[in-house]
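Before any questions on binding or motion, here is one chain by itself as structure tokens, the form predicted on its own.
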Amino acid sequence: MNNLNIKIMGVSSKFHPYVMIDDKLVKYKKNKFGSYEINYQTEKDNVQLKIFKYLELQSKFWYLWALLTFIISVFGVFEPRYDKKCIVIDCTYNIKLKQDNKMIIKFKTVADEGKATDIEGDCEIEEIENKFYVDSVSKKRWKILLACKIVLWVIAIVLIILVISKKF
């Protein structure tokens, strides 16, 4: 049985990456220092580690989901905020395992161009893909969504004023 201990560092409180090992979504726990930890056990000698960030604005029916959450959250008051930077992370690694393996994955800031992470470990790690980029389609959709929310707020305020003025 091979044991893989992964520590993910440099992640802000708003950013929650998806972590997959051999195409299975892996849950992680936050430790007291704000880093994420994963303990994974497998019989295999090689595994593929994939870390990515999915944006809701990339989906096919993004506008329906955005409208539904906007209305349910009382016109966006209780709605979680979208990432206005629209940064997509895509990292894939092949890992050759030993009996006990420890890895540290450090996320870089957006100011650093190119690689999304630095990875260290006591096992053999082959980097397949390691990048982050700004998704222009999601950025455009975010601007459209923001404009729609502002227009809906203005309409709601005008309707409230009209209802109040007619009652008195």
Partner chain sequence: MQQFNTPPAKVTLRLFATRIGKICSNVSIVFLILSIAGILPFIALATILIIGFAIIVFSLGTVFITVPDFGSKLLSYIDISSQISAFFLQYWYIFVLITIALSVASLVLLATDKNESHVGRITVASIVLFITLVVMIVFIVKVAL
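Numbering follows the first chain given and starts at 1. Just so you know, these numbers come straight off a predicted model, no measurement behind them.
Beyond what is shown, the protein has a form predicted in complex with the partner chain; the following relates to that form.
Checking 38 to 46, 23 to 31, 99 to 107, 119 to 127 against the partner chain in the predicted complex, the stretch whose residues place heavy atoms within 4.5 Å of it is 23 to 31.
Mapping the unseen interface onto this chain, residue 115 falls outside it, with no heavy atom inside 4.5 Å of the partner chain in the predicted complex. In the predicted complex, the partner chain sits beyond 4.5 Å of every heavy atom of residue 140. At least one heavy atom of residue 81 is located within 4.5 Å of the partner chain in the predicted complex.
Though the partner is left out of this view, residue 157 does reach within 4.5 Å of the partner chain in the predicted complex, counting heavy atoms only. Residues 58, 59, 60, 65, 68, 69, 72, 73, 78, 79, 80, 81, 82 are the members of 58 to 87 with a non-hydrogen atom no more than 4.5 angstroms from the partner chain in the predicted complex.
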